[in-house]
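Consider the single chain below, provided in structure tokens and representing the form predicted on its own.
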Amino acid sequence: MKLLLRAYPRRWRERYGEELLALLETEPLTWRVRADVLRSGLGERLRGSGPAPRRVLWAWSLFVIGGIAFQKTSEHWQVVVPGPDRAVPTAAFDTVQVAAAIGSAAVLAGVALAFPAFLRDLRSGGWTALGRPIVLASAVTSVAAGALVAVALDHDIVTASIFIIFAVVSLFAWTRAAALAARRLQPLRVHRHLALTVTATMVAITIAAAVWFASVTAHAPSFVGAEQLAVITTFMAAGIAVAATGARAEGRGPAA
């Protein structure tokens, strides 16, 4: 039960955690109860994550995992689709590539615009609050890089699994560090426009990926496995859902 409470933000746990634990102890801890606690906890984290640009950082990180899974799954798809029937899946696949490039460029532009203010914040004492998450993210990235080198040398499945795990953890660790840094900075209007751009590219990628999947499956039903499809769908949908909460919050809030 205490592990389930980790889904909630620390401040929420400090204020309401004991009450929730007492409530959970009064009824069986079924999977439905666990799901409700996790959903509520993640909802609290989203509500406390701040303006849309910070939420879109988390949304993009989730979406990237689905995008990587799609990229890996779609390798050599031309082999199973006859030449005359490749027009639709080719257009869909190209749309995914272009939208991914635009979304990535928007994220990098947002980081670049915030970087001077970030450096000023570090020089004025921000390292006290940001040092630990930055060092943690750097350490995890170093482990992932070492695992990648090991994979390149011997292609061991265990090493490859370690690399994937630490690469994902590294992605989220840097996202957390970036979100914490952004919380300390004055938001810019352009960041909201960039956040909307990233959200739009995620929607475009999802639609194009669905078209590609339908087109390829019509010729090779077993080309995309159920597990691969589940990973792609789950992370893309989660990314869009998180980004949508930011868009709704922006719609309710005053313009900066």
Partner chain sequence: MAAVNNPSLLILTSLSSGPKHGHALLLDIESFADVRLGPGTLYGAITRLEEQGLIEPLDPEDRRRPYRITAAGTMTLAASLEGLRRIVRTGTTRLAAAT
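Take the two forms, find the largest set of C-alpha atoms that superpose within 1.5 Å, and that set is the rigid core. Numbering follows the first chain given and starts at 1. Treat the numbers as computed from the prediction; the structure is a model and nothing was measured.
Omitted here: the form predicted in complex with its partner chain. The next part is about that form.
**Student:** How about residue 204 - does it come within 4.5 Å of its partner chain in the model of the complex, if we only consider non-hydrogen atoms?
**Tutor:** Output for residue 204 is no: heavy atoms all beyond 4.5 Å of its partner chain.
**Student:** Using 4.5 Å between non-hydrogen atoms, is residue 224 touching its partner chain in the model of the complex?
**Tutor:** Answer no; every heavy atom of residue 224 is more than 4.5 Å from its partner chain in the model of the complex.
**Student:** Any chance residue 21 has a heavy atom within 4.5 Å of its partner chain in the model of the complex?
**Tutor:** Flag for residue 21 set to yes.
**Student:** Answer for residue 33 alone: is it within 4.5 Å of its partner chain in the model of the complex, judged on heavy atom distances?
**Tutor:** It does: once its partner chain is placed as it appears in the model of the complex, residue 33 has a heavy atom within 4.5 Å of it.
**Student:** Which of these stretches, 33 to 41, 224 to 232, 191 to 199, 65 to 73, has heavy atoms within 4.5 Å of its partner chain in the model of the complex?
**Tutor:** Comparing against its partner chain in the model of the complex, the contact stretch is 33 to 41.
**Student:** Residue 221: CA shift of at least 2 Å between the shown form and the other one after core fit?
**Tutor:** The answer is no, as the C-alpha of residue 221 shifts between the shown form and the other one by less than 2 Å after core alignment.
**Student:** Does the distance between the two CA positions of residue 34 reach 2 Å or more between the shown form and the other one, the core being superposed?
**Tutor:** Yes, its C-alpha moves 2 Å or more.
**Student:** Please say whether, between the shown form and the other one, the C-alpha of residue 21 moves by 2 Å or more once the core is aligned.
**Tutor:** Comparing forms between the shown form and the other one, the residue 21 CA shifts at least 2 Å.
**Student:** Where do residue 35 and residue 180 end up in the model of the complex, Cα atoms closer or farther than shown, with a change of 3 Å or more?
**Tutor:** They are farther apart; the C-alpha distance rises by 3 Å or more in the model of the complex.
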